[in-house]
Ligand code: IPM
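Given next, in structure tokens, is a single chain: the form predicted on its own.
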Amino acid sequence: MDINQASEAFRVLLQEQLTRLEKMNCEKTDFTKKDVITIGVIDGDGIGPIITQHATRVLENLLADKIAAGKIVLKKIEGLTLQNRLAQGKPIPDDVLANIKTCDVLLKGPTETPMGGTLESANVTMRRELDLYANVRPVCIPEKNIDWIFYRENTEGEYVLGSRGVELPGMAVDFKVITDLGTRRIARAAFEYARQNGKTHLSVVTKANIMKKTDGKFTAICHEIAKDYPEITVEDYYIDIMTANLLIEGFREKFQVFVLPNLYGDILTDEAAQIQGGVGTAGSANIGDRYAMFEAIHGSAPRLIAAGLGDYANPTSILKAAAMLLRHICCTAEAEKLEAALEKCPVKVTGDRDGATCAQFADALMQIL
């Protein structure tokens, strides 16, 4: 590619983003008014089918009465495997995406994305196609006085065009996108959560001293939105120092709500989950106005599969995601029941043969339920 071709490729990308911006507004789904709610279940790759199978068992138990009454439908979504995606050359094959769009919410196992090449992440594609702009990840460690919730912008930043960069001789360039509307809605979501849950501190995390146009815009808009929430203290932090701050006992306890662009959110939430006990201990919500998707925050664990230890995968993350799903569709009592059972479950999964299997953990959880 020469510079003229690169410039044309960049022009096409800019036009696509302007078109995306025009389509952002959507009427919110009111689950209290829906006669039937369809929950799509996607296995994913690697350990995905294992942990998802047991999460489905738990949902079937908790929602048995509503399923029997036809108020909730659990629907298996086939075909979102790495093998099928590679064969079709699409991050989400067309028939799979059409099936996904028949659902209201999704419970999704981890999907694998190959290193290099041009196949985009299935998650990135799904977030864009369903406009799942808010990635919400709670981390709670009561014994350490930690109660954090992260609002990560989910459809912009580095990931929206991460597989669409250009290469010139001896050089490669990727692109980052921040829009006014995209930032306003994630900021508003974070501030609304803070207000509704009695939180008084919100941290805006960027690298605005270096990424002056994109991160600078993100920071400025967050402070614009903050004027509507005078009871909430807002502080700016750079991503590098915030990764250090989360490790400082006696200081990190002041943090409550975080709002941050896509890449920084990906990094910081994994660190926060590790502080909680590992990425297997945290759930994740991807929320839009029309659709929502809930998933484990960890990957497909190919090393675990290669070692023959897939059955020893920890299902806690996807079960916590299932609890978030239940809250989202207004099944609050069922969500609380699952969260309480997870707290009480005595079975320990370690990821190897000295701990319990995924099935044993789920069996013990089912007994508590």
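So that there is no doubt, residue numbering starts at 1 and follows the sequence shown. Values in this document were obtained by computation on a predicted structure and should not be read as measured data.
Beyond what is shown, the protein has a form predicted in complex with 3-isopropylmalic acid; the following relates to that form.
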Counting only non-hydrogen atoms and a 4.5 angstroms cut-off, does Glu271 reach 3-isopropylmalic acid in the predicted complex?
-> no
I'd like to know if Asp147 sits close to 3-isopropylmalic acid in the predicted complex, meaning any non-hydrogen atom pair within 4.5 angstroms.
no
**Prompt:** Looking at the partner-bound form in the predicted complex, is Ser121 within 4.5 Å of 3-isopropylmalic acid by any heavy atom?
**Reply:** yes
Tell me, yes or no, whether Asp266 is in contact with 3-isopropylmalic acid in the predicted complex, where a contact means a heavy atom of each within 4.5 Å. yes
Assert contact_stretch over 223 to 231, 192 to 200, 253 to 261, 152 to 160 against 3-isopropylmalic acid in the predicted complex, heavy atom within 4.5 Å, equals 152 to 160
3-isopropylmalic acid in the predicted complex: within 4.5 Å of a heavy atom of each of Arg127, Arg137 and Glu295?
yes
